[in-house]
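First comes one chain, alone, set out as structure tokens in the form predicted alone.
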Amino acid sequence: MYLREQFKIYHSLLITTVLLVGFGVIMVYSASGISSGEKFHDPYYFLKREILWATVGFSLLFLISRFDYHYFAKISKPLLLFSIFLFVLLFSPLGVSAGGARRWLRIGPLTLQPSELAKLAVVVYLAEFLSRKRKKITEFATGFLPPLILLAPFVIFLLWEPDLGTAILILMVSFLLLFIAGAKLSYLGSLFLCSLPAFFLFIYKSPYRRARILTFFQPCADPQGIGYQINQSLIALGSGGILGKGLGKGAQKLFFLPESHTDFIFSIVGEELGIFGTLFLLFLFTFLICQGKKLAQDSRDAFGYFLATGITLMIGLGAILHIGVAMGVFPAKGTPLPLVSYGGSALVVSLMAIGILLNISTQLEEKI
């Protein structure tokens, strides 16, 4: 029964991941074919790159799945420091600016996004720290404060880029891991309240962010201006109906909805495949999250528990934020849909994280 459970979780995680990535490759081509043909004179421009990154990602997934996940506990701090080093490089000549943000590194023919690796690095570090200090997590100075001090540089760099969406995701995952580990609600609540003034000041000092927040409350107030993206996203979702317009037959990707293959790919799914398409996607993510939760519960040690929980939160919350933005539930933040949206760094890191989950599944604690 034990070996059967290992086999079941391993293969269900792998099959779900393959389905999500395969679904994403199809939707990336459908969402970008016309625009990439216009911009790069090659309708397969993004498709070829997505397939390349998926190949690299799955290669790393299978490689990492064969490594004992405890190895990541040993390299948690070096991985964290390496992520910070990549952030520093953003402000060197290697840094690339686009759309008013400096989030990418160009190293030869490759373009990398350090914030994607940072998400995984933070999860690995917190898993190692909490598994080692879980009995002291209720103590402010020795259990609660140290991880926050090490998280501060990540948040600062992300806000400096700026990349508010990733900063919020890292903070959400970190807070939830600390809460699950047993941190006092008074500590978490106090930290949240103390961070609100800085958060509001960060938004208030930027006219663009301030306008986005106001648009969130009144999305139809400026449909041709700051509210353009969310309005076009809602039009895409609403026009799809139950069955959708058909794969490849959506209209919003025809230069109406910006970033349709990345930040708003869920909207294109809704337009072309309808409610059934979006429900299928939601089912895959829900199943992946449930399997990750079960894997965490059955892990053989505290490090495996926190690592599986953190990775599941990273992917699950990333999906929730993306879908919420597309539906107008959250303010627009530019968050890709994990394993589905176009993006080399995001796809490769997500597949690496799944590889860790697969290795944890091979070392489940035997139930007697």
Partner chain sequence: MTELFRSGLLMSKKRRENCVFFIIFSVVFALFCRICFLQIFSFRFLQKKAEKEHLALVKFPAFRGAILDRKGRLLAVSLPAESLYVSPKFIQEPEKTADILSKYLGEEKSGLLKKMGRNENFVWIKRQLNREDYEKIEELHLPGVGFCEEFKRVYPKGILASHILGFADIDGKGLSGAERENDALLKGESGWYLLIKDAKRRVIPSLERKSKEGSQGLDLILAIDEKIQEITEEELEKVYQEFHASAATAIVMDPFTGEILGLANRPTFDPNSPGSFSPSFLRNRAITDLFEPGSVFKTVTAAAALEEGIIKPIDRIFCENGKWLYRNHFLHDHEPYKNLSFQEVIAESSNIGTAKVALKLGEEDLYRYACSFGFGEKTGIDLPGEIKGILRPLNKWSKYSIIALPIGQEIGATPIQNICALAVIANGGKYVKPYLLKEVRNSEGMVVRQTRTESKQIISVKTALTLTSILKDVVKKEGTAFSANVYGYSVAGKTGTAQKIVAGRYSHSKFVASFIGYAPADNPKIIVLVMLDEPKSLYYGGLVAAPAFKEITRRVLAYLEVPSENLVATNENLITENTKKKYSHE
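Computed from a prediction, not measured in an experiment: that's the story for all the values here. Residue numbers count along the first chain shown, from 1.
What follows is about the form predicted in complex with its partner chain, which we do not show.
Quick one: which of 85-93, 112-120, 284-292, 157-165 gets within 4.5 Å of its partner chain in the model of the complex, going by heavy atoms? Of the stretches listed, the one contacting the partner is 284-292.
Proximity of residue 299 to its partner chain in the model of the complex, heavy atoms at 4.5 Å: Flag for residue 299 set to yes.
When the contact criterion is heavy atoms within 4.5 Å, does residue 43 count as touching its partner chain in the model of the complex? No, no contact at 4.5 Å.
Can you check whether residue 51 is within 4.5 Å of its partner chain in the model of the complex, heavy atom basis? Output for residue 51 is no: heavy atoms all beyond 4.5 Å of its partner chain.
How about residue 242: is it within 4.5 Å of its partner chain in the model of the complex, going by heavy atoms? Contact check for residue 242: yes, within 4.5 Å of its partner chain in the model of the complex.
Each of 185, 278 and 329 within 4.5 Å of its partner chain in the model of the complex, by any heavy atom, yes or no? Yes, each of 185, 278 and 329 comes within 4.5 Å of its partner chain in the model of the complex.
Note which of 262, 76, 174, 232 lies within 4.5 Å of its partner chain in the model of the complex, where distance is taken over heavy atoms; exactly one does. It is 232 that has a heavy atom within 4.5 Å of the partner.
191, 203, 254, 101: which sits within 4.5 Å of its partner chain in the model of the complex by any heavy atom? Result of the distance check: 254.
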